[in-house]
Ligand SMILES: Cc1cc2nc3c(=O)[nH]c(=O)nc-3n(C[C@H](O)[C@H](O)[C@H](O)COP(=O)(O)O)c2cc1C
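Starting off, we have a lone chain in the form predicted on its own, written out as structure tokens.
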């Protein structure tokens, strides 16, 4: 199959943009992920797919815990930062430790999800990471950052949940 065609066609499906963080041996680590999904309500499970070429993923895997930070529409700069190899991604960022993992919860995100790695399965040139949710919180009603057709985009401002 032609990889360029594959990317172009699948790029028509918009995804949310997240930053997955953990505590590495030399400090916090993280990477941008657009392949994040809810998996199960009972037990509470989520999943994401880091590439085998990721520098940060082996450190997150070794930590055993991670925090998913769902980026707000105005956080494209953070998404790009965590997609750039070889830079100090946390140098100018404000964050707090997540309650269970201690992984960075980034300031200004729409929501965060604190997880323990439940399982890792090889899926082609990526791994599928299944995480058990231990804590989560919606920080704001801001629209999310989306990735669509190889570009970042603002999500719509949905009505607030009546609950």
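This is a predicted model, so every value here is computed, not measured. Residue numbers count along the first chain shown, from 1.
The next section is about a form of this same protein that is not shown, the form predicted together with the ligand.
The contact with the ligand in the predicted bound form, taken as any heavy atom within 4.5 Å, belongs to 51 out of 45, 51, 135, 120. Taking non-hydrogen atoms only, residue 79 approaches the ligand to within 4.5 angstroms in the predicted bound form. The ligand in the predicted bound form is not approached by residue 40, whose heavy atoms all lie more than 4.5 angstroms from it.
Residue 17 belongs to the set of residues with a heavy atom inside 4.5 Å of the ligand in the predicted bound form. Proximity of residue 95 to the ligand in the predicted bound form falls outside the 4.5 Å heavy atom cutoff. Heavy atoms closer than or equal to 4.5 Å to the ligand in the predicted bound form belong, across 114-145, to one residue only: 126.
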